[in-house]
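Read the single chain below, which is given as structure tokens and is the form predicted on its own.
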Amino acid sequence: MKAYLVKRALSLFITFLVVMSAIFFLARSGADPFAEFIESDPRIPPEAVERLRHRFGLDKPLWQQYLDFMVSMFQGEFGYSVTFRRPVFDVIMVRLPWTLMLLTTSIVISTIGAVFLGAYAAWNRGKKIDLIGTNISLFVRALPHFWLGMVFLLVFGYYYRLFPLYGVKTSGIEYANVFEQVKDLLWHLTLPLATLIIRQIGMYTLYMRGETLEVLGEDFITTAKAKGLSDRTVLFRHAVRTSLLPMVTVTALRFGFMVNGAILTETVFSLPGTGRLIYQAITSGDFFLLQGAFFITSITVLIANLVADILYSHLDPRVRY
């Protein structure tokens, strides 16, 4: 087990270096982050912009910028956001809790729902309930996040006015207690959560159904049925338990990509998360902010991958060899 973990950790570290190198060169191939100063206010003298470039090392040779970038990343120094006029780390830390709350809730609920719906559909393969569930899942899976979100906003936010159109807090409101604050927060997050949960359930129900169908054809399932075990025991104690092995990897990676946020969903609902932050960084050419956001994303994805490997090796020791 120790040798397996060392090998996986070394592999992930090499992957991390490759990913961060790609992020550096892609960011440098984009727009000048200080060009917006000149465009927004032509009174700013070019000398001031050059001083900024010198301050952030953009006047150095590319190879030296690369070395400085790698050293700074390992030290946790992400630079300064030219869009928000604040250190990148501070900007990300303000936005990150909202994304973690939104995505953690949607991933947990959608995973539980997908496991039960996918397993039930597989057990009833070919029956009416399976056909209806599969077709609905295929339809939902094909729906883009942003389109579904805009439909919810139009119907439930604009026409029926049941939910707010944007943000996570009612403007100008003063909360009497924490319960009112939680109630207002849930009111604002209902539509974004519904958008993410519905689409994710549609996507991963199909995945779980396919894995369960494969397991139901195994000999140990036939043996379990021959022993006279109930259908519920055969399905959940034997079939679903084995089918969950690939879902562990998928779910862990979903948590890894969670820091990216649901970029389109957060943008549609104007939520102050890291997904919308990345969108703002892209549109403004703020590659300092992009580098910091993708650095944290890369770290979380690699850690999630390692956690998935560890869990998988415990559930199925054959993967260690």
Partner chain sequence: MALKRRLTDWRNRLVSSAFIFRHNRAGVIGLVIVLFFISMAIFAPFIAPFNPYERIDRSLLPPGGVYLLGTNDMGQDIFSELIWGARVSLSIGFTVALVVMFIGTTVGVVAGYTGGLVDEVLMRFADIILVLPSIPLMILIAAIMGRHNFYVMILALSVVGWGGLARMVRAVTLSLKERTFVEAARALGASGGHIMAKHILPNTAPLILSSVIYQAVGAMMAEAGLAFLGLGDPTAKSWGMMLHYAQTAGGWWGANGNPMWNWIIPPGLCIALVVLGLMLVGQAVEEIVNPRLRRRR
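Numbering follows the first chain given and starts at 1. Everything numeric in this text was worked out from a predicted model, so none of it was measured. Whichever C-alpha set is largest while still superposing within 1.5 Å between the two forms counts as the rigid core.
The form predicted together with the partner chain exists for this protein as well; it is not shown, and the discussion that follows is about that form.
Peer 1: In the predicted bound form, does F146 come within 4.5 Å of the partner chain, counting heavy atoms only?
Peer 2: Heavy-atom contact with the partner chain at 4.5 Å: present for F146.
Peer 1: So, L117 and the partner chain: in the predicted bound form, are they within 4.5 Å at any heavy atom pair?
Peer 2: Judged by the heavy-atom cut-off of 4.5 Å, L117 is well away from the partner chain in the predicted bound form.
Peer 1: With the cut-off set at 4.5 Å between non-hydrogen atoms, does V307 touch the partner chain in the predicted bound form?
Peer 2: Flag for V307 set to no.
Peer 1: Would Y279 count as a contact of the partner chain in the predicted bound form, using a 4.5 angstroms cut-off between non-hydrogen atoms?
Peer 2: Residue-level check for Y279: yes, a contact with the partner chain.
Peer 1: Just one of 186-194, 105-113, 85-93, 158-166 has residues with a heavy atom within 4.5 Å of the partner chain in the predicted bound form, so point it out.
Peer 2: Flagged stretch: 158-166.
Peer 1: Quick one: from L153, V248, M73, I198, grab the residue that has a heavy atom within 4.5 Å of the partner chain in the predicted bound form.
Peer 2: Among L153, V248, M73, I198, a heavy atom within 4.5 Å of the partner chain in the predicted bound form occurs only for L153.
Peer 1: I need to confirm a contact call. Of L58, L67, L253, I44, which residue comes within 4.5 Å of the partner chain in the predicted bound form, counting heavy atoms only?
Peer 2: By the 4.5 Å heavy-atom cutoff, the listed residue in contact is L253.
Peer 1: Listed by sequence position, which residues of 281-300 have a non-hydrogen atom within 4.5 angstroms of the partner chain in the predicted bound form?
Peer 2: I282, T283, L290, F294, T297, S298 sit within 4.5 Å of the partner.
Peer 1: Please determine whether the C-alpha atom of V250 is displaced by 2 Å or more between this form and the one not shown following superposition on the rigid core.
Peer 2: True for V250: a C-alpha shift of 2 Å or more.
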